[in-house]
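So this first bit is one chain, no partners, the form predicted alone, shown in structure tokens.
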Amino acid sequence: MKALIKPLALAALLAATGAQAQTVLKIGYATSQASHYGVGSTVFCEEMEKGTQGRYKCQQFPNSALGGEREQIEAVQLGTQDIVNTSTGPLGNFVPEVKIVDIPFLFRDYDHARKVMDGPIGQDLQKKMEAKGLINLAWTENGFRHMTNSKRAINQATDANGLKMRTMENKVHMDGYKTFGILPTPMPFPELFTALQQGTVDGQENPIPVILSSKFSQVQKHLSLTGHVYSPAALIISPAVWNKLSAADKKVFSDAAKKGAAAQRKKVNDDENNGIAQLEKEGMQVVKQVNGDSFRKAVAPAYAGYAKEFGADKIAAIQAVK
């Protein structure tokens, strides 16, 4: 009988650790698993699982399977979803201060944008998120946004006049786009492909990785490399999960998120470098040299409103980062 006790105790111990190993965290994002969001999320999940010796693992829900980004952010805040890898577009509805990064033509290039997000300004925004029950593990990335439509080539701001364009549910974007003469039509991302297909809207604006992974070339003829807004993204974990983690596990999660963010940004770079040729091959007509000054001049009046909302000093602080 005594001989049985040890194996039974061992079996009980294994069962306990086995149960522990089954802490599966649900992570959702808007695009496919092959997209930049999928690449970043997969690296994060692999590193996190490895770092916790399999005590935590992910179940991925790509293609808006858990809802649009706004719904997923809300679910993470409430604790009904564990993690979301989301653009900052809808985040301003929860944390108004984050909307400053959505100002058109605020960032010069990727290097500038990433320095801002990874530096003190980005860290300050993370604290504001934490105060609203959203723990941002890392700034991932969506990319610079470009315009597509089914009607005509956009070479300068006046060419966009009168186009009905789907936008995020984001007032900063919409105020800026109105200065180009665009008729902004806010709509959740999961509804967009069908809306383009049916002609409910003429166009949309998104980074190249999203245009590629969402197969918008099937429903849009024209792409203009306007780069009018830099779209950061965030890997957000629910406080319901975060607050249960040991200090050591928190470090594992944070380090894994940094690696995931680096992989996601690299995928954005790769898609920017290779994706335009791919979209041309798929039949899109691409305007590569857009008159950027015409857009910057058109949006200038909106900056008075942005200065009032966010503070001219805060906008200047972002522009001053070298």
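Here the structure is a predicted model, which is why all the values come from computation and not from measurement. Numbers follow the displayed sequence, beginning with 1.
Not on display, but discussed next: the form predicted together with a small molecule.
Contact annotation for the candidate site: Ala138, Thr140 and Phe253 all lie away from the small molecule in the predicted bound form (no heavy atom within 4.5 Å). Note on the interface: of 104-112, 161-169, 220-228, 118-126, the segment with non-hydrogen atoms within 4.5 angstroms of the small molecule in the predicted bound form is 161-169. Here is the short version: of Val268, Ala30, Ala261, Met48, the single residue with a heavy atom within 4.5 Å of the small molecule in the predicted bound form is Ala30. Between the options Ile182, Ile154, Val210, Ile236, the residue in contact with the small molecule in the predicted bound form by a heavy atom within 4.5 angstroms is Val210. Looking at Phe144, you'd find every heavy atom of it more than 4.5 angstroms from the small molecule in the predicted bound form. In the predicted bound form, the small molecule sits within 4.5 Å of a heavy atom of Ser87. Though the partner is left out of this view, Asn149 does not reach within 4.5 Å of the small molecule in the predicted bound form, counting heavy atoms only. Taking non-hydrogen atoms only, Asn206 approaches the small molecule to within 4.5 angstroms in the predicted bound form.
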